[in-house]
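Two forms of a single protein chain come next, each set out by itself as structure tokens; they are called structure 1 and structure 2.
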Structure 1
Amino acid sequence: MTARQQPKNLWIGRWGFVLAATGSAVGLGNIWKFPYMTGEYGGGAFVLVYLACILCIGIPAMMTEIAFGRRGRGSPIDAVKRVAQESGRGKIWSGFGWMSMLAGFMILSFYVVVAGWSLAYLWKALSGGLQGGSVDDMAAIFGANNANPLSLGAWSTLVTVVTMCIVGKGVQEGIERNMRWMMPGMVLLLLVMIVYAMFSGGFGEAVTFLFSFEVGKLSSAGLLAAMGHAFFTLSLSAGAIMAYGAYLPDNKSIARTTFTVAICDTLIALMAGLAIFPAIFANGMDPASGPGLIFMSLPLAFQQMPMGSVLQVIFFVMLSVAALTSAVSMIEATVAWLTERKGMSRKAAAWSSGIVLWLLSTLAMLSFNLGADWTLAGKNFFDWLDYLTSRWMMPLGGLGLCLMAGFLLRDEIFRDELRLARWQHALWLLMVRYVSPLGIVLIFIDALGVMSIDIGSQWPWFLAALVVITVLGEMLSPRVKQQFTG
């Protein structure tokens, strides 16, 4: 297949890609983490900084990944290889495609376990299994859920089976058709919860928590949190966006599509905060993030509210949909590679991937019970999957793709794919060469914890470093390209 040959499958329209990519971005982290970060680090002030980070780090990197996918028209491995070869580069650069695809598969290996919690709690909400009088009672229910390998494994397996059923049907009949009802359905459920919250108490406190403009609370940790979430929330460097980009029709604008996804992702995350935190504040609870908020505090809050049992079911349906839309996206790169390189049918590729995924996810699931003591360097299997992907593979993959696009590959390729005005293309190039890589490096260093970063007091030094790197980069850029061209 040549670089410009059309694949067998394309999204029916731009909104097919937007819904699928937004579904990939709006995962459980968006629901249990972003709203809390917003309130904790200054409300409206944090949102403004986060939007700036999205503009400078997330959107340029996402545009780059989509351009790679659409130009290469294949799995991340083949897409990066084809674009590199079109620029006269060797196959070795496809390593970044491998890294993206493997990162997505490894993330999904432990993500299906977490997604299984959502389905398990939906069943508990329907069957009356979430009765407790305190957070400690809810913590005991959560612990018992994870301590049972048969039950936890069954729910993880169900997530895997549903995911493979959707992906196995293909891009249009499987992914796009399901996203066209799953994403609007999730937004509708959030709206129902928000309307209920407006009349049940705590809504004013939630609005204040999320949107009050408190610059004093915007610490260095908040700035790094904004940068990190701007990168990770868009599913970058996990194979999903590049794989989805391969199905984007040539006549659709990458820039407009990317901005739409980023806006939808942010709006849904803020809506989740308006749906969740009123119940927390109405019952005098402290807001938190992570599994403790979703599976302990919130079920207890729902019990103390009128029609709380109904609202609880609605919430866990919404949470399950969010989990499944992300799961579908993370397996697509692997399925695409198997169909292209191994000649498998779509269904065979999906179920083959599903079997391997099930084996890895079973090991991840056992980290909560029978295998809790199977550790290496203090980390169990679940922890290692999380550590390797979020702290190493995704940042390094994102950094590599940005630097490839900015310095090593023919600029005509990205001009042809992005189709921006001259000043817009120059701005994108500035971002992928210097701003996005510097941001990713800071995220990388912060995630590893190898040194303390205080952006709040040291921002003049970071700005000076960016200027120096930009000047030196522009001076050396022709030499870099000549060196790799040979």
Structure 2
Amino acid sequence: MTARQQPKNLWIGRWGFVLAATGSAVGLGNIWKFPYMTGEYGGGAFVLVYLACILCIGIPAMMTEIAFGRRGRGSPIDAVKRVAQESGRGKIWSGFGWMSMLAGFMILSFYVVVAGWSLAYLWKALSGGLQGGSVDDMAAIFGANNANPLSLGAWSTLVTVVTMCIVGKGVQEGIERNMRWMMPGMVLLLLVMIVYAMFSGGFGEAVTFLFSFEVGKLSSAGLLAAMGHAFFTLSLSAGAIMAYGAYLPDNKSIARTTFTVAICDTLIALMAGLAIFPAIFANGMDPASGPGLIFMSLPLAFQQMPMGSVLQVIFFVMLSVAALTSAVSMIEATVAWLTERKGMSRKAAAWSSGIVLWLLSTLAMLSFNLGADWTLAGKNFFDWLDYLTSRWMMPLGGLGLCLMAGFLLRDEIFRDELRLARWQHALWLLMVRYVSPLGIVLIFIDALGVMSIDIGSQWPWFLAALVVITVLGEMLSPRVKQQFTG
């Protein structure tokens, strides 16, 4: 058994970790993806399923990730390796750390492109470039924005540079210090938008849309999307939360911080819905208009409202800040690894990973113009990055960490780190051993297309499978039961 690692870096402030992790969690996923997914998958029904996924899959997985990070006190690669070694397992398990780090890097390389859209739109909003009379006009603006590789590249380069400046300054001086103003600032802007929405029509409809639950609208596609999104929105299995967890002081409760972050993330996603949908409804638009929702429908809706141009600016500032705080977290794992293992300074590590990132993100950016037909199996480079990370690497990483924590590694490690009451620990174990893995396997089955999943009619089978697997698992390796019997 190796001795517990001493921390090299720790969050200074009481809210350091919560701010940084919430900053990571709240991003384009909350403001761009969540509202349009809710629109597509039928409103309240989707919201409910999503909440269940956060609770049953996201929260236990996040606790596991933070526990790995704090126990191993290092970049995800080293953290996973040390925790494995502490349980007498080989280095090979650090493969999951590698995959997380790589996933974070790959996500970032297309995330900066989307964050670049946000900055470009902020500029357009400021300079009056978002004028148009119809959704088609807005689509034309969006198209023109993507068609020019030079300007599109310039915006994503700007995002990359700002990210690297923050990360290069270090954990406390760079990340923590900036999160202290960026996060409250972002929430403030969101609140301004909600207050505006309350008085400008469409608010009631938006509330009904988000919170009225219609069983008939529940769909398997919605459930699977909600499961995948639970990982994405909490920044799980991509090294970010584990890297931040490595800086969490020993006296902090992992469970409490996890719940705080998950609740903040969910509240902000719902608040984003309350800021966006009223304008959409007030102008009689379709909430299910897909990824173009905030770049096409929303600017058009704002244009037709009093003070709309101010609101547009507020919205895109908020979106850009949200995207930046997430971008920072995605590169932290790589930078931590380079400083720890390659002996680089923070600055050198940030800039060298920045250059590699810039090359990859340029390829992703070109998918929208020059490289639109550099496709493989019908997907361009941007689509591949998204597909590989969100459909494969993140679920696989999540599955690996959950099963490692649940079956392979010494339970004392997690009891030490999580410090839960017995029944709570048993519940956590139940989730990481059976519930999350089964959910993730469903995501894989769906991605592979080997079987069409229709939860509506097949749910008794899934429930039965869960029970059988749990009973078998507990007969072969009785850990959950031990929690109760001591």
Ligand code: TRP
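All residue numbers here follow the sequence of structure 1, with the first residue given the number 1. Think of the rigid core as the biggest set of C-alphas that the two forms share within 1.5 Å after superposition. What you see is a predicted model, and the numbers here were worked out from it, not measured in a lab.
A.B. asks: Between 1 and 2, where do we have the form predicted alone?
C.D. replies: It is structure 1; that copy is the form predicted alone.
A.B. asks: Taking 2 Å as the cut-off, check whether the CA of Val356 shifts that much or more between structure 1 and structure 2 after a rigid core fit.
C.D. replies: No, shifts by less than 2 Å.
A.B. asks: Core-aligned, is the CA shift for Phe213 between structure 1 and structure 2 2 angstroms or more?
C.D. replies: Shift of 2 Å or more: yes.
A.B. asks: Tell me whether Met37 is among the residues that move between structure 1 and structure 2 (Cα shift of 2 angstroms or more, core superposed).
C.D. replies: Where the cores coincide, Met37 still shows a C-alpha shift between structure 1 and structure 2 that is 2 Å or more.
A.B. asks: Any chance you could measure the C-alpha shift of Leu51 between structure 1 and structure 2 with the core superposed, in Å?
C.D. replies: Reported C-alpha shift between structure 1 and structure 2: 2.5 Å at Leu51.
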